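Read the single chain below, which is given as structure tokens and is the form predicted alone.
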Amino acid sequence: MPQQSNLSTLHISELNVWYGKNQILKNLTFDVLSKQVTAFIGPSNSGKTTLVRCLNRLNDLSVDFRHTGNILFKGKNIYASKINASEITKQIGMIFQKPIPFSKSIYDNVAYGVRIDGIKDTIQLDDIVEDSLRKAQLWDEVCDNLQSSPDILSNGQQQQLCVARALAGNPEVLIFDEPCEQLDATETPKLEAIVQSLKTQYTLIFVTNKRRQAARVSDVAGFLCCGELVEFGQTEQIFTNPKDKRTEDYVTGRLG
């Protein structure tokens, strides 16, 4: 069994992924360090979303998915037979490209998963909802409208609500899969600021097609191309002194 560093939350070793006969990821090995933002960049169809969906077992939903290699989360293989996939998805939450609030009130959106976990006490629920909305920097804007539908919120605010909903479940890792794709130029900086504020408490993974965004938000970056992890290291090094010509071509805009 591959060894995991004490500093890393996730250790990925020789990961290969196929959908049917089509190989999407090829022999990926890297560590995701605790309390940092790790960004993955690369052209469309380079395997970024497939990768992050492996990290919380969302790829289990694809009937033609198969993989080889190991993904260790706190030292345990998340694909081991005794591991409950639903427990992994709770500990490794995910924010998607498009915000999808539930057809419930703002309050019930945030409290939904917590109630499923068995918490019924009103005071405890109130505290969790407020804390999660504050971390998502949405509390001041919705505190007087908690029983209203999320339809009253802007697109960016709905994405913040989805962040709060994920945080309410107390995950250790939070994955952002191109979370600004549906946001406008005024909403994107706020979400980036939220990501920066969360890294003091959570391990964050951030997927983006926007090079400058990755440079702004991340501590560590990985460049994926054609399913290969071409280069992985400190963000400053990746963007200012890349070791691989393909990485240099991508971060300078000559590729992708």
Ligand SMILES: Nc1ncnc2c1ncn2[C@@H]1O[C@H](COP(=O)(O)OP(=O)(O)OP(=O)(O)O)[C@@H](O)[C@H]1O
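Numbering starts at 1 and follows the sequence shown. Note that the coordinates shown come from a computational prediction; the quantities given were computed from them, not determined experimentally.
Another form, the form predicted in complex with the ligand, is not on view; read the next lines as being about it.
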### Query
Taking heavy atoms and a 4.5 Å cut-off, does Thr203 contact the ligand in the predicted bound form?
no
### Query
Is Lys48 close to the ligand in the predicted bound form, meaning a heavy atom pair under 4.5 Å apart or at it?
yes
### Task
Answer with yes or no whether Ile24 is in contact with the ligand in the predicted bound form, where contact means some heavy atom within 4.5 Å.
yes
### Query
Would Asn70 sit within 4.5 Å of the ligand in the predicted bound form, counting heavy atoms only?
no
#### Entry: Stretch in contact in the predicted bound form with the ligand, which is absent here, among 28-36, 48-56, 215-223, 195-203 (heavy atoms within 4.5 Å)
48-56
### Task
Output the sequence-ordered list of residues from 206-223 with at least one heavy atom within 4.5 Å of the ligand in the predicted bound form.
Asn209
